Each structure stands twice: as C-alpha cells, then as structure tokens.
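Have a look below at one chain only, the form predicted on its own, in structure tokens format.
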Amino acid sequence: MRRGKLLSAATGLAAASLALAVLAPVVMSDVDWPTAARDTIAADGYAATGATNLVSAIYLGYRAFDTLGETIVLLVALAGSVALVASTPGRPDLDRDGGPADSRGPGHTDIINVIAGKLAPIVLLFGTYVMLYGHTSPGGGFQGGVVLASGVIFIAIGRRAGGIGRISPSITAFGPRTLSVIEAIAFATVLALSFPGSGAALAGLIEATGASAGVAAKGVAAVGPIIALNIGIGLKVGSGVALLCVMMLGGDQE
C-alpha cells in the first residue's frame, strides 16, 4: 500500500514538473502575444467566409485541417469503443428483429417507450437546426451531431415497432448498418471539403448554379462550404455516437 502511494506521488510530481517546464517559458516570457492573425480574422472573417458566427468562421473557414484532425480522433475513438463493445460478453439479449429484447428489467415500461418515441422527432429536428444554422448562431456540426445522436438513442430506447427504429418488418431506420454507412459517407465528405481549394470550388458551383437559375447566390456561395462542413461533421458525429450507444443497448444486428 505504501509503495503504491509513493509511486502515485512520484507520478504526480513528474507530471507537474513536465507541465511547469512547458508552461514556464510561456508565462515568464516578456515577448508580447502575436496579434496579427487575431486582428486579421476579426476584421475580415465575416466577409471572407460569409458566416455571421465568427467561431464557425474560424474553425471551418480558417482551421478546416484542424477540424478534420478532430474528426479523425473521434473516428478512431469510436472505432475502438465499438470494437470493445462488440467483443464484450454478457451484453443485453436481442429479439428476433435485432433490437434489444423486451425483457430489459422492470424499469423499462411502456411509459418510457411512449415518451422516448414522442421526444425522438423533436430532438432530431432540434439537432438538425443546430447543425444547419451553426454559421449564424452558437452550434454547428459537433453540437448538432450530439443532439442528433440523442434523438437516435430515444428511438432505440422506444423501439417503436420492435427493433431499433424498426418501421416495418422490412424497413429499419437508424440500424447499425445504416448508421455505419452514414458515418462513412459523412467522413468522406468532410475529408473532401477540408482540402485547399475544395471550398472555393463548392462556392463557385453554388454561385454558377444560382446564376443559371437566375438567382443571385453570391452570399450563399460564400458560406456554402461552412454549411456543407457542418452537415458532414454533424452526420459523422451523430451517426458515430449513436452507433456506439445502440451497440451498448444490445442492437448490434440490423
């Protein structure tokens, strides 16, 4: 016991020393903080990206590669978590439709089924709004994706007609296979839109399409890449988190 405490104390001391070594030059330096990039973004961010939410303008208009890295980190974390859940013995039994079995304990009642079923479309609608309007208000792909995942989880808890989101014996909404496909397509979209020049190409396409239809689409074209990235990130985050939670509920089959 004493040896364990000494080891923990030594580990904590080492971590604190490393943190101090990293932060000390930053805190004690007399060099002023660089302000050129900050001032440039503050002055030109709105006009350059078309977004009225400067946070979205920065992390999707100026830091798309960094956002792509965050998406990849989430993808790796979810892949590892899904693999662990899939290999864990003793998960809840499945019914013949691939959804969690009805016998999930006395706490799961018809009241929960009904409330979850009623809340699901409302949560999905709100998540869609947060995802689509992240360029004008607080929100965006990451936040909207988590809300969308919550809506899918409500569907999974409610079970509707038997399976996870099962509409009929032949149609299943938000099953594991469907969520995996959505996640793959969304990640490919984010990957494509994160490369230099892709945003300008999309903006040009939107503007040309609007011109051919006789509509002035310059404002929409400017913010179009940010909206597209928010949609891709939202669907990627939502489907990935929902897939993990659905599997934890026991629905690892379609």
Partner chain sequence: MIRRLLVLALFGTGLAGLVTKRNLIKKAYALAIMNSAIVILFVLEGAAIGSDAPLLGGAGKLFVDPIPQALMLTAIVVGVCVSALALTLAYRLYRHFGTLDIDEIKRRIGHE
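Just so we're clear, the structure is a prediction, and the values are computed from it rather than from any experiment. Positions refer to the first chain, counted from 1. The term rigid core refers to the most C-alpha atoms you can superpose between the two forms while keeping them within 1.5 Å.
Keep in mind that the form predicted in complex with its partner chain is missing from the display, and what follows is about it.
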query: Is S180 one of the residues lying within 4.5 Å of its partner chain in the model of the complex, judged by heavy atom distances?
result: no
query: So in the model of the complex, does V55 come within 4.5 Å of its partner chain, heavy atom to heavy atom?
result: yes
message: Taking its partner chain as it sits in the model of the complex, is I115 near enough to touch it, meaning that at least one heavy atom pair lies within 4.5 angstroms?
response: no
query: At the 4.5 Å heavy atom threshold, is P34 in contact with its partner chain in the model of the complex?
result: yes
- request: Using heavy atoms only and a 4.5 Å cut-off, decide whether all three of I185, T189 and P196 touch its partner chain in the model of the complex.
  value: no
task: Heavy atoms within 4.5 Å of its partner chain in the model of the complex is the criterion; list the residues of 63-83 that meet it.
output: R63, D66, E70, V73, L74, A77, L78, G80, S81
field: Core fit, then I41 C-alpha moves 2 Å or more between the shown form and the other one
entry: yes
